[in-house]
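The chain that follows stands alone, in the form predicted alone, written as structure tokens.
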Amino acid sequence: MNCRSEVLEVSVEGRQVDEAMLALVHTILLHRSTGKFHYKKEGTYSIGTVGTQDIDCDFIDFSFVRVSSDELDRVIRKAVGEFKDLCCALQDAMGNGTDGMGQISLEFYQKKKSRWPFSDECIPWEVWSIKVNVVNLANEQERQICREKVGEKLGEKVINIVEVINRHEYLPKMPTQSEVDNVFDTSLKDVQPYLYKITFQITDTLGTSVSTTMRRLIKDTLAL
């Protein structure tokens, strides 16, 4: 199976990081989620509806649509919040005026059962990488311009996401009841996204990469 990769790039100021990432990640997951499956018997099922909700940003002139699931929103906000905290922590450590780079990756995968005692194999089939340039702005006038420009760019990225997703490319086939957990995340009560994971890393202006596995170490160091 060939895993397709898509890359999006945006430039934002620090206070816009979480809203920009939420807008893009939620947009992708909106199109990579279904309603809950209700099986009547093996091979026969119905699919519930997926509710949507309009979200207005506070620091960007932009609104986006997300799946109306508080559970899914909490999971995404937790990951995005950790990413923003790490960006801010690194900028504080490097000093005022320092720009930074970061990347959030949203990987969709399916499981392939392995024989005991081996764990299941996770096979990615689509990866979205969102590269973020975090800039420092000097005054309120620059912030207002950035507020408008970032909104325009996010609108372009959302259109790009929809165009990519509407292509007739590989999706995991609809599973039987016994295999549904190999394709979908069934842990949420109101929506069923394809299996996914979110990872991230940041890079300072010197090109030093800091992955998610290092975030706790950095936070502990900065706290000393």
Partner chain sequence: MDSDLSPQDKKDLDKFIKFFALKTVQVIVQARLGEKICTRSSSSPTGSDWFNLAIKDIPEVTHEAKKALAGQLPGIGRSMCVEISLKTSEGDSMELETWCLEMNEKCDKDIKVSYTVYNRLSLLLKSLLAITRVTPAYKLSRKQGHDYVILYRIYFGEVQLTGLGEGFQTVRVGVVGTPVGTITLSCAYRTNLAFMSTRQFERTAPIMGIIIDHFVERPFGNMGHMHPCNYRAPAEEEGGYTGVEDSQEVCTTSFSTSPPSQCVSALSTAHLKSLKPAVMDTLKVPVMSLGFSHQMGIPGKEGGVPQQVPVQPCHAAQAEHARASSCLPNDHVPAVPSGSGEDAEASSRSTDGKSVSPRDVMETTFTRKVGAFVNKPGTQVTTASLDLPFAAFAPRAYDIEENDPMVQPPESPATSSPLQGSLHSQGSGESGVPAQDDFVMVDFKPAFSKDDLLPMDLGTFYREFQNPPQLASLTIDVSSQSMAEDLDSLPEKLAVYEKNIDEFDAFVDTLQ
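All of these numbers come straight from a predicted model, not from anything done at the bench. Residue numbers count along the first chain shown, from 1.
From this point on, the text means the form predicted in complex with the partner chain, which you will not see here.
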| item | value |
| --- | --- |
| Interface membership of residue 182, the partner chain in the model of the complex, 4.5 Å heavy atom rule | no |
| Non-hydrogen atom contact residue 36 with the partner chain in the model of the complex at 4.5 angstroms | yes |
| is_contact(residue 119, the partner chain) in the model of the complex, heavy atom dist at most 4.5 Å | no |
| Any non-hydrogen atom of residue 92 within 4.5 angstroms of the partner chain in the model of the complex | no |
| Among 124 to 132, 109 to 117, 74 to 82, 138 to 146, the region lying within 4.5 Å of the partner chain in the model of the complex by heavy atom distance | 138 to 146 |
| Contacts with the partner chain in the model of the complex, stretch 167 to 189 (heavy atom within 4.5 Å) | 168, 174, 175, 176, 189 |
